[in-house]
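One chain comes next, on its own, written as structure tokens: the form predicted alone.
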């Protein structure tokens, strides 16, 4: 029997929640409009993955989270994500409440915004409205986007004005301490013309037994000649059902690059879609995933080339063990008019156990003649020749296998721009594989 996906919160609750958060009237009406659609819209239908029995309705929508005075007050398992030797530009949400927030005065003076979503709605309502579920994600796509729009309970807003280049990464940490709290996070990252930034986020939870939901939407917009580098480490626990929807829109000469560490322990559907709207725009979408236990995962990376001479590259590497299964869809689409565009993709999966399963599905959809496109895909075991070579140098089989796996995932791990986060991603991989 399918799990009931009816929203567990009614109109009165949504209105009261919006009022309590001091949201502008347009946001309250937006929530209520989305709430109505949750009764009629269908669930998404990810390729080759039946999600009808997954939990999307058992969760608490609110929980308490305390403010902290210093990063030193963080517990060790959260502190490891923060650069110790630097004054980080960072937002930390604990149970969807702002626990810590810092942005340098220099960036504030330049008009940069890095804040939690509710503060952004209160201080910059018109600016948020300009981007909120407009160009990248629509609230009426399916039931989960409507649920997200109705129940958004956290997130961050990042805005970089024209001609501002930020050298140091901006960071957000979403810390789900309450094991039953659902995360309906909304992230907006905007780079105006000729600007540049790096943004890195971390999702951490500890609810192995308690059932809850993460319904996350990220909208990333790069205007003409802007550059956005977006990194993430998703590490939700076994009890969290995850729907992750990350979308990007790149205009003329703009670039959006992704480096995603998808390390959840529960059932997961993840979409990473970039629209290369402008001529000469580009995106390189890199993602690594590790599956274990009996979890089911579905990952889709898609780049749509509209602009002339636009360049879309996809790289997906996955490691599956135990009875875990995962679908890796890599989709390159070149629309009519996208002359001299390029779409390339590579999806590779290592299976460490006989019951593990990984499917790599490269897809090219080409509606233009004067283009280049290509794909590569493989699913298999650890290469015995590589294993033999390392063991012949005196390395044990387990250590040799470990080195091969880390090398297999390195193209994405090494792209995470914050050293502490990169090291933590490596530790998570180590724990999940061994």
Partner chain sequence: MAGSTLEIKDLHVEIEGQEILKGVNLTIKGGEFHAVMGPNGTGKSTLASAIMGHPKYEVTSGSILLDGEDVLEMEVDERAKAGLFLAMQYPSEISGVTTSDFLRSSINSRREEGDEIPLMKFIKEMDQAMDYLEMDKNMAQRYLNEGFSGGEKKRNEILQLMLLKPAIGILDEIDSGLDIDALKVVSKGINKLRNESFGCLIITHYQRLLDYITPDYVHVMMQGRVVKSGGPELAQRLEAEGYDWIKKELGIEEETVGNNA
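Note that this is a predicted model, so its numbers are computed, not measured. Residue numbers count along the first chain shown, from 1.
Just so you know, the form predicted together with the partner chain exists too; it's not on screen, but the next bit is about it.
- Stretch-level contact analysis of 35 to 43, 387 to 395, 58 to 66, 361 to 369 against the partner chain in the predicted complex, using heavy atoms and a 4.5 Å limit, identifies 387 to 395.
- Taking non-hydrogen atoms only, residue 47 never approaches the partner chain to within 4.5 angstroms in the predicted complex.
- Contact annotation for residue 414: at least one heavy atom lies within 4.5 Å of the partner chain in the predicted complex.
- Contact check for residue 382: every heavy atom lies farther than 4.5 Å from the partner chain in the predicted complex.
- Among residues of the shown chain, residue 30 is not one whose heavy atoms approach the partner chain to within 4.5 Å in the predicted complex.
- A single residue from the set 373, 377, 404, 51 has any heavy atom within 4.5 angstroms of the partner chain in the predicted complex; that residue is 404.
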